[in-house]
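Listed next as structure tokens: two forms of one protein chain, kept apart as structure 1 and structure 2.
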Structure 1
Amino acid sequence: MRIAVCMKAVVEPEARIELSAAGELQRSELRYELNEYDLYAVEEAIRANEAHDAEVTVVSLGTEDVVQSLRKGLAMGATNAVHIKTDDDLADSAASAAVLAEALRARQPDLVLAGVESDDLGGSQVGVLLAERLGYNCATMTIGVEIPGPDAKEVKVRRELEGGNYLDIEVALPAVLTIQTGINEPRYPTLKGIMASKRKELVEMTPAELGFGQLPAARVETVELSYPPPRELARMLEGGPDEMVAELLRLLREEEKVL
């Protein structure tokens, strides 16, 4: 069985986001890490590898900032990695899915895993758009996966629904599953795994090598980037408990209008 995992490098949550005078994002000081949702997808693929001797390929699209995340996937136990190199991040989900689909098409994976969403944009679109491009079946919000065996023609999937409900279905392969957090407990790469990752294959390619004379036109336009407006200082309430509760309720109803 061949499994591919689509990964994205996102800006670390504690990184300081700065804009230039022209409102452009200053990227030089940003640090990147593996998207949390994709981390669970990598772990699920590696568990399938351990159970059924599957081949696991981690794939990422972007600048050199994604290499560290790919190396982490290899250190966790992925078989090989593919880096589709671009000069800039592709924020548009449709463009990203189009390029990723062409990279995966030649490998013909039986199963493609991807995080439900990314920590930075949270669009939840790349996985389903990728399935449409490849002509694969698709199940979203996957919280459980059961692969009967290495020659399986379908997988059993548990999907998370609203209100704490779940849906158990069978999905015919080939398929794309978007993975929800909590499906497993991702492992930490061991020293042995880190050293082994340096000997594993990391293929580099460009969109041009995949048949794109130029990158697909973005369907989402960034109109403006700006800092949040400064917040007012905290308001301290005075008086006894009953007086403060009454004043708080008045503020929430009349001024903040949240009640």
Structure 2
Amino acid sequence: MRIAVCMKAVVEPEARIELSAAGELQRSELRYELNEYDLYAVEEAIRANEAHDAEVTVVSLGTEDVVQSLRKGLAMGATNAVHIKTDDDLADSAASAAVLAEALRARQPDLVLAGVESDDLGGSQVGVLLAERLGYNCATMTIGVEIPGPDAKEVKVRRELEGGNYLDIEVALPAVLTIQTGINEPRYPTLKGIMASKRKELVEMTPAELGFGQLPAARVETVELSYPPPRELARMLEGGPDEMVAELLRLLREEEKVL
């Protein structure tokens, strides 16, 4: 069984996001890390590898910022990695999916895992669009996968719905599943895993080598970025922790009458 995992490097969650006077994102200061959802996807693939001797390829499209995430995937136990190099972040889901599909097509994975969404720009579209490109079935919001065996023709998928309800479905392979956090407990790479990862294959390629003389046109363009309109803030309590807590308890008791 061949499994591919799509990994995206996203702007780190705690980053300060600043716009220039012209309304452009100040990218130079930003640091990137592996999208949290994708970490669970890699873990799920490695478990399938352990159970069914699957080959796990981690794939990422992006700048040099993604390499560290791919290395992490290898250190966790992925078999090999593919880096499709671009000069800029590709913000458009349809364009990203088109390029990723070409990189995966030749490998013919039985199962492709992606994250439910990317933490920074979060369109939650790439997995589904990729499946359409490859002609695969697809299910989003996966919180459980049962792979019956190495020659499985279908997988059982538990989807998480609103309110924490579940929908159980069967999806015929080949398929793309998008993985939700909490599906497993991602492992930390061990020292041995890190050492072993240095000998693993990390293939670099360009969109041009995949047949994209120029990148596919965006289906969704960002025309303007701005700071969200300020909302009314909470009444902020002042002073040291002792004073703040004393004041809070007074307010809750005397004014709000909830204590």
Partner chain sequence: MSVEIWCIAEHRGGVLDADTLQLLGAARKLGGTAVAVVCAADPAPLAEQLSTSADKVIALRHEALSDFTPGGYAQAIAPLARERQPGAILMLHSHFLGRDLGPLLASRLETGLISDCTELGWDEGLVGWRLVYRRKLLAKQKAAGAPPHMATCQRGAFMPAEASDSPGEIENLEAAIEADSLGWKVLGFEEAEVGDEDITEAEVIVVGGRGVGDQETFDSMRELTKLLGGALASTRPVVDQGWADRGLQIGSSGKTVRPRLYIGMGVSGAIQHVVGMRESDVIVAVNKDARAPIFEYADYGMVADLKEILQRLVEQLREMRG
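Note that the coordinates shown come from a computational prediction; the quantities given were computed from them, not determined experimentally. Residue indices: 1-based, along structure 1. The term rigid core refers to the maximal set of C-alpha atoms that superpose within 1.5 Å between the two forms.
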Either 1 or 2, the form predicted on its own: 1
Flag for residue 231, CA shift 2 Å or larger between structures 1 and 2 after aligning core: yes
Core-aligned C-alpha movement of residue 68 between structures 1 and 2, 2 Å or more: no
After a rigid core superposition, would you say the CA of residue 27 moves by 2 angstroms or more between structures 1 and 2, or not? yes
Using a rigid core fit, what is the CA shift at residue 244 between structures 1 and 2, in angstrom? 15.6
